[in-house]
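Coming up are structure 1 and structure 2: the same protein chain in two forms, each one given alone as structure tokens.
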Structure 1
Amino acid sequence: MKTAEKKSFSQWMRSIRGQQILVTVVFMVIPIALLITFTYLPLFKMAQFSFYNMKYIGTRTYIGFQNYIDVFTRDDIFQALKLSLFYLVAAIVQMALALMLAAIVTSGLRGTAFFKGAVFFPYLVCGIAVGFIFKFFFTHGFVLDTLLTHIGFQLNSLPYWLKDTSVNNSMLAATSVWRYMGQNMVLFIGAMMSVDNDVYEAAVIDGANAWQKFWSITMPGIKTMVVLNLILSISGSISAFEPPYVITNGAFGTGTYFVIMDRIAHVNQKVGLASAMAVVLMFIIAFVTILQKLASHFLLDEDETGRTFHERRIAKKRSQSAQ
């Protein structure tokens, strides 16, 4: 009896179906275990902690929604949320510049590989190195000031770029443009290269100029990527972290949401409040993601006739009113 069972099991193991199930289980166990332990379990705990007043070690007290009330009423957190506007503007500028550069690189100029590489490389540099590079760059009388005095500015009239609260956040946001613009550009170049070349040739024969080609052929071809990146930059700008963390350590009014959260969690050890901040951010990101899905569903996804949902509806309305 036993041997018969064993045999049938090993037979089953060798059968295609049995193998498929075995492989599926074996290959998925570790990735899923890692995913649950380091993503979903912490997520669950975070939601739980956000209702407590607690430190990493010691007793915890249930305080209901008090942490969430604090998130929206504490001055430092509110200031931090306002700062994300700087990073949002920077993200938009960054995309506009990246689009322009990508259009130039793909327009058929020769010898653009070096430019592309130079603009892209900052993306690969370690965040800490970027921090030092820009501390040095912005120090009074150093790199930026030297360049500016060369073109006629007086050193005395220049602000302390990282301390002066009227400019420091813009400068930090600019470092993030420096770092990520090249990556954006490479993505746009990739999208632009995939636009059918015949269309361009036809347009040239029809006498279209570069500007017309860009607006009527390139932009429609890559608009999905542009819109999605624009929407994603909302959550990206709220999660801005490395420039202020590394360059100013959040001093002189440069603490963004994450910098404040990091301080609350790991210096002040207010784990409950930090969890609440993380949960709020998560909701913002979920909202933005839904927004992105809706945008791609209604405005970008095209049917077989090349029209989006929005365009079909307008066409339908027109035909109705014509009747």
Structure 2
Amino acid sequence: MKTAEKKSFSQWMRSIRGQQILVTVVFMVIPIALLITFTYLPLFKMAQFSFYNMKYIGTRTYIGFQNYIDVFTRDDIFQALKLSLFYLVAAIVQMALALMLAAIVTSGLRGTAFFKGAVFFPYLVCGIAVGFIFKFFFTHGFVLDTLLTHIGFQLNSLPYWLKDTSVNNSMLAATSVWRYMGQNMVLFIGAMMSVDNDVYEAAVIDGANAWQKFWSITMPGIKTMVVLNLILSISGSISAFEPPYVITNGAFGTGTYFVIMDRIAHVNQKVGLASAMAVVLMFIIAFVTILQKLASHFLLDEDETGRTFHERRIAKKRSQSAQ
């Protein structure tokens, strides 16, 4: 029985398999090198800086976990983290509005193409420009106050939208609804268009109304997009930066976590503390993402029978109690 000859390295490199591996390695080296240089290496250095009391230039003093303790004990930082709740509520509102508008647009009404473009347009505007637009829009006596006085409100009775701490964070969060609602709407429209139309026709024959078709056919068909938009919205609400930075510069209690981190790093020159804030934010976003994935697996992922994990657990409990 003949044994296969052992190829030399040069012969293996000239073979088809060797050339395939060589091309794969060559094409992977540059992207991996760029990824390590501009992503993982800065991330490692940032985590290293978080254990030091340091400025951009000068000596460094190792202080252990003191920066992380300051993140959770300093009032300005912890208060800034709580402001994320305003943007979280705004994210949920914008998703609900985007889902409603997407359902209307895909219903076949006239003029939906123009409406879709008009709603999506704010997402194309630069975030800095959006900030300046709303800075003048909310300024006392300007656009919003002029509109309200035309419908009967007295100018003196209107609050200072950007200075009044009872409303200013809600106003800033509303700007994110205006800007990102169109993006979510377009994503939902794409997901809805992928649902098989034959299923809708069968539902109409069975006598299903519009709400039943939406809840029983549309929502299960776009659940992956809903989860994706939810993850992006919550992550974005935690890291909100442009609206408070441009419109109020973080004044009057509007400084979000990113705004305070920028101020600590670039104004106060506390690079170690800012690095610790960035690391904490990274872990918060990772934790929220994992939590959402687990929730979607528990409530949305179906097996071959079409039942979710939650429904299978309920069915199992019922069968056990019946026995």
Partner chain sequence: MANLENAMRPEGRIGASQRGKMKKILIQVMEYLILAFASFWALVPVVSCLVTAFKTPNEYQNTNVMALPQNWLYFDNFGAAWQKAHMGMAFFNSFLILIVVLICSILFSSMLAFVLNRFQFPGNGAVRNLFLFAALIPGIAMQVTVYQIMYALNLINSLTGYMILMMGTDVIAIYIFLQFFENLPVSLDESAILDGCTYFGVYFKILLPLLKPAIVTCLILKGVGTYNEYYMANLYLQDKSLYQVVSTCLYTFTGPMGNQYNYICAGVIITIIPVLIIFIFCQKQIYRGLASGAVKG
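Small disclaimer: the values here were computed from a predicted structure and weren't measured. Here, a residue number simply tells you its place in the sequence of structure 1, counted from 1. In this text, rigid core is short for the largest set of C-alphas that superpose within 1.5 Å between two forms.
Structure 1 is taken from the form predicted together with the partner chain, while structure 2 is not. Annotation for residue 124: C-alpha shift under 2 angstroms between structures 1 and 2, rigid core superposed. Relative to the superposed core, residue 27 undergoes a Cα shift of 2 Å or more between structures 1 and 2. For residue 292, a C-alpha deviation of 2 angstroms or more is recorded between structures 1 and 2 after rigid-core alignment.
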